[in-house]
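Quick setup: one chain, the form predicted on its own, written in structure tokens, and binding and motion questions come after.
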Amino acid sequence: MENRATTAILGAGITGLSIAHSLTNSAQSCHVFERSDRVGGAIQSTLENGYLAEDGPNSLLLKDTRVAELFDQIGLNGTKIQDTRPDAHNRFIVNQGTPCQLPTSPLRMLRSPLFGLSGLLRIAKEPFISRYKSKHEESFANFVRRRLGNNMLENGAAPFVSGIYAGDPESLSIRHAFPRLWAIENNHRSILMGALAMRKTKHAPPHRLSPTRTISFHSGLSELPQALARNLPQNTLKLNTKISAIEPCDGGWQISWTDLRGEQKSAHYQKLVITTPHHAISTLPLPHEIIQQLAPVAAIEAPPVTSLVLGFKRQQVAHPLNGFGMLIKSSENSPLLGVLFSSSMFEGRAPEGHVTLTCMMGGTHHPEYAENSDQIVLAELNKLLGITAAPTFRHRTHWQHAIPQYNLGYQKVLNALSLCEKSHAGLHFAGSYRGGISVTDCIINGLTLGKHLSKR
């Protein structure tokens, strides 16, 4: 039998680590089980020959005081935080084979080949559009098309959805995938009027941090889960473990596992939190009844996505790379979803005189593109950015189940999770498939759940 702890957490990704941090801050004991030999889940950074590559997320949006407080608690404050470079506020959309800078003002929108006068006039009608009245759930695409017009959907909103979800705007639920937009329409009728009303209000939303910052860390985002792990009490983390049994027992949960040395161990916990990826839950040795209840969770679509990080000599790239990156419209029929200008986003992503590009491919529309060869990617980079030379650095990461899609009908997923938790005392589920896919969402959801569990 293992030393006792109150809570068992399955998965040492950013959600599981945030829950563990919140519990230990409240003097609650927990064990975090992780099958691999490292923490962080998809948040992994690789430093090689002066190049820094991210396997998963490339940045974090610091917009919540709870996240800022967490950074203070684990020693990631002050100079350890890395803000984006000044040019990183620029975004590009590929239009007719050319990266076009996304306009930041009505005048620039008027001159932009992306929108023009007709697009601007259609956007100006938005305050006069009524709320959605149908009983059927609305997709993101229909929401944007209805409120802002098809021009905005095709040339602005849809490419950004590809960048965030690698998904299909026609399938994603506006209510669940973009709950803030959905709430603005429901509370203020108009997006533009709602934005103005929120700027005028004297009462800022709770925990809002202003100004919002897009950040990373000097050694990459993996500094975050590593810092969380270092700050946990000794023997909290159990890496290289394989769970062999999960059984309800005495109002709690009996967990059995095999450790790195092949030793079989077991312990009883009052609470069990499962933070493993949604597609892996069915592989856990859970009671058959729970697996059946979670069928809607297992059915969540999560398309394959590949990240290919390439380094080049600066003089070998014709484009100035003066921005965050470029997203590509579906009408361009490109083998890429988009390209992040990684070394333009943050300092230290490439050696002096070199640049780093992160090429994203795959997704819901073209999952087969996740298998693109380097030659296909280089040909597209030559076409879009004027790169003719061979790369000086290469780092490829493939995610077979990359990003959970909050598609139409997603409420069934939430209902299944709630029902399962209510019918099994002490059982909880958390992860990017619930409450938001971003790193920030996962942190906040983890901290909130940990605080809730510490009070029970």
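Position 1 is the first residue in the sequence shown; the rest follow in order. The shown structure was predicted, so the numbers you read here are calculated from the model rather than taken from an experiment.
The same protein also has a form predicted together with a small molecule, omitted here; what follows describes it.
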I'd like to check something about Phe33: if you look in the model of the complex, is any of its heavy atoms closer than or equal to 4.5 Å to a heavy atom of the small molecule?
yes
Could you confirm whether Ile43 comes within 4.5 Å of the small molecule in the model of the complex, counting heavy atoms only?
yes
So in the model of the complex, does Asn407 come within 4.5 Å of the small molecule, heavy atom to heavy atom?
no
How about Asn445 - does it come within 4.5 Å of the small molecule in the model of the complex, if we only consider non-hydrogen atoms?
no
Pick from Pro277, Gly167, Gly311, Gly119: which residue has any heavy atom within 4.5 angstroms of the small molecule in the model of the complex?
Pro277
Out of the stretches listed (268-276, 287-295, 252-260, 154-162), which one is close to the small molecule in the model of the complex, meaning heavy atoms within 4.5 Å?
268-276
